[in-house]
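Taken one at a time, structure 1 and structure 2 that follow are two forms of one protein chain, written as structure tokens.
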Structure 1
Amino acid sequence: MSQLKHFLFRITVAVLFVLVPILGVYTFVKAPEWRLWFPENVSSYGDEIDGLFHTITWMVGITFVGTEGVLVYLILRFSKKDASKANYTHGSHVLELIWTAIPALLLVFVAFSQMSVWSKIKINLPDGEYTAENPFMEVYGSQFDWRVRYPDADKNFSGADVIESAFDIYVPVDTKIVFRLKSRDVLHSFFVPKFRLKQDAVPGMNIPVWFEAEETGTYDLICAELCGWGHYKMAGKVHVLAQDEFDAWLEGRREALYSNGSED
């Protein structure tokens, strides 16, 4: 009877470990339908970010299933009762080299796979009207808000009619928006999920950032770095408008600077 119990225990444990990769793969397959992956991409480089994400997910998934398969085999192979004397070993240098070399090669593959995307997004800013020296806007993170500043008509950020807005950022669609990201106090992180854009705002640094939204709409902006007790408050919006709508909005804000609160 004890042998039967031991056999049933081994089978039960093996089945439970088999169910783990099965459920994992099933969740992976159904994730897009259940909306567990990233939200819809609306930026020009979002597909490249998603491609890297899926590459790494497949690599991790295949490794996970393979590891679980080996684990189930070892459970069934070595959990039998055996009255023979145990054979002790201090390990295998060959095996250790193999399981060190394989992850190292995978990491090298990931490193080279992402170099062109990293260069495109973080290093080589796009050619266009706006540059790191002549940005579309400045964005400041501070405890606990986001503030954006638009230059005056002469593209000067210290002029009289510089527009400043808290939490709400307005940009035109299909435009390569280059902006300077700054922090006024501690470390923050500018994160717009639907743009696949995430960049830390580091105190003392002016960091050039860019994106190109391909669809009009309003998109969530959050701080992805714990920055203090009011971290949860740093929830803004990026409003992507048609070019004429953006021009009208900006002109209206400039006129409001000189209105003295009146409607005339």
Structure 2
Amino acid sequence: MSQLKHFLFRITVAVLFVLVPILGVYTFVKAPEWRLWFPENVSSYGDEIDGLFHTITWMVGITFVGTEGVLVYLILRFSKKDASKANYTHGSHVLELIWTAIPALLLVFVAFSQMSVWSKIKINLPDGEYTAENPFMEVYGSQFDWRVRYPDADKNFSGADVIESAFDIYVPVDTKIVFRLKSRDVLHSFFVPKFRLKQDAVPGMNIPVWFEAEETGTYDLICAELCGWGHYKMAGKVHVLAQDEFDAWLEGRREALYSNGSED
């Protein structure tokens, strides 16, 4: 009877431990369906980020299932009540070598496979109309709103013809937008999940950031760095417009500027 009880107990423990990889993998498989997964990507480099993420997910997923599986097997197999002694061994050089070398190679591989995408997104700016010195716009965080400035026709960011707006950012589609990210007060972070873009805004710094949206639409802009009590509501919108619509919008704003004298 106690034999049976112990057997049932071992099974229960094993089930508990094995549920972790089973449910763990199941929830990852189901996540897209439950919308607990990446929102669709609309930027030109987002697919590469997602691709890297997926490769790593496969690697760590297999390791996860493998190690947890072995753990469960060992718990089940070796927890019998057994008067005999355990295997007397202090280790194995060969095994140590194997399980040092293989993960080392994999990790080096993972590290190196990140580098080109990272350089492309964060280190280098794309060739195109806009550059760090001559950006498309200037965005700055300020407790608790996002402000954006579009330069005047002479590419100046100060002066009467500069267009300013808060919370809503308008950009044309299929254009490599380079902008300057700043902060007026504390740290903020410019996060557009559907662009796969995140960059902290740091007071005193002038950080060039770029993206290229490939689909028109309106996307959530989220502040991703704690910036005070209103951090949770520092919500902006990025409106990606077709080029002609964007031009029309800009024109409209310019006219409004001239007729009202000032903006906001």
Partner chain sequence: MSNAAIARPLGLDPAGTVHVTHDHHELGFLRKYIFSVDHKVIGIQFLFTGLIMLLFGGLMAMAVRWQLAWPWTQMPILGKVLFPETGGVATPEGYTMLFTMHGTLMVFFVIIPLLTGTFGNYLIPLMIGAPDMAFPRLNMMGYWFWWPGIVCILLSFGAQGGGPAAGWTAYPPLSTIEAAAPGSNWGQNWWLLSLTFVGVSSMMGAVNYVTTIVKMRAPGMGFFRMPLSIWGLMIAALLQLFALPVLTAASFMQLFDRVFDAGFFTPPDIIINNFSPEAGATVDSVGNATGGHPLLWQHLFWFYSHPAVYIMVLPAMGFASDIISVHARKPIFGYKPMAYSMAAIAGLGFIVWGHHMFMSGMNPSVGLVFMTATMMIALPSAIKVFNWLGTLWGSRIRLNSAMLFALAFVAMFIIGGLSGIWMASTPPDIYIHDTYIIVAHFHYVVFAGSVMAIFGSLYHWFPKMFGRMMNETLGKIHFFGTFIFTNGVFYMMHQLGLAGLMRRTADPYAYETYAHLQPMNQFISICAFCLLGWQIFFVVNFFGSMIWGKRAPRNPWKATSLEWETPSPPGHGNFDKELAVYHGPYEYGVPGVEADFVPQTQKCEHVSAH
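Reference numbering: structure 1, starting with residue 1. The term rigid core refers to the maximal set of C-alpha atoms that superpose within 1.5 Å between the two forms. If you're wondering where the values come from, they're calculated on a predicted model, not measured in any experiment.
The chain as displayed in structure 2 is taken from the form predicted together with the partner chain. Residue 33 shows a C-alpha shift of 2 Å or greater between structures 1 and 2 [criterion: core-superposed Cα displacement of 2 Å].
In the core-superposed comparison between structures 1 and 2, residue 103 has its Cα shifted by at least 2 Å.
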